[in-house]
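Shown here is one chain on its own, the form predicted on its own, set out as structure tokens.
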């Protein structure tokens, strides 16, 4: 693209390298090749792979906390917010399979490294998700609208119900759906409503 700086080109090349191969599989020489520069120039901008990883990965992961934060701050009723969170996660996972694969790979090979960057992104954007979710849950619980539940468990439940159909696609497609006349695509299409209904029913007092 026109008006791209060398640093912009390096950043995009590194983004693709890390997404496809993860930290352990990425190579500085490969990133330099993608960017069309020599390795010495790459090291001039980013001296180590660690520094480059720390610069690039926030772009990969920041969409999730920022998106959820926007939902928690809107004025919609609790039930609508839950629906929006589920829809956000499912659409993100469906439209960004490489990012899901990247996160899973890093959780296996470098969880501490990934957790550190997640924390930095959340703190930088002021997105204390658990705190905001806790306030929302406490308000609904005190009003007698939902069953008391800790925010960390509710958020974990939502993430688990949304993520597993994607990381366990083979099991669902070949074992679960094999006994029903429904395609994986149709299953995912219906998943949003099913997860929202399941969560809200579980929270009803």
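Residue numbers count along the first chain shown, from 1. Bear in mind the structure is a predicted one, so any value in this text is a computation, not a measurement.
As for the form predicted in complex with the DNA, it is not shown, yet the points below apply to it.
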State yes or no: in the model of the complex, is some non-hydrogen atom of residue 45 no more than 4.5 angstroms from a non-hydrogen atom of the DNA? yes
Given that the DNA is not shown alongside this chain, does residue 167 nevertheless sit within 4.5 Å of it in the model of the complex, heavy atom to heavy atom? no
Would you classify residue 143 as touching the DNA in the model of the complex, given a 4.5 Å non-hydrogen atom cut-off? no
Proximity of residue 38 to the DNA in the model of the complex, heavy atoms at 4.5 Å: yes
Report the residue, out of 155, 172, 28, 137, that has at least one non-hydrogen atom within 4.5 angstroms of the DNA in the model of the complex. 28
Pick from 146-154, 176-184, 45-53, 159-167: which stretch has a heavy atom within 4.5 Å of the DNA in the model of the complex? 45-53
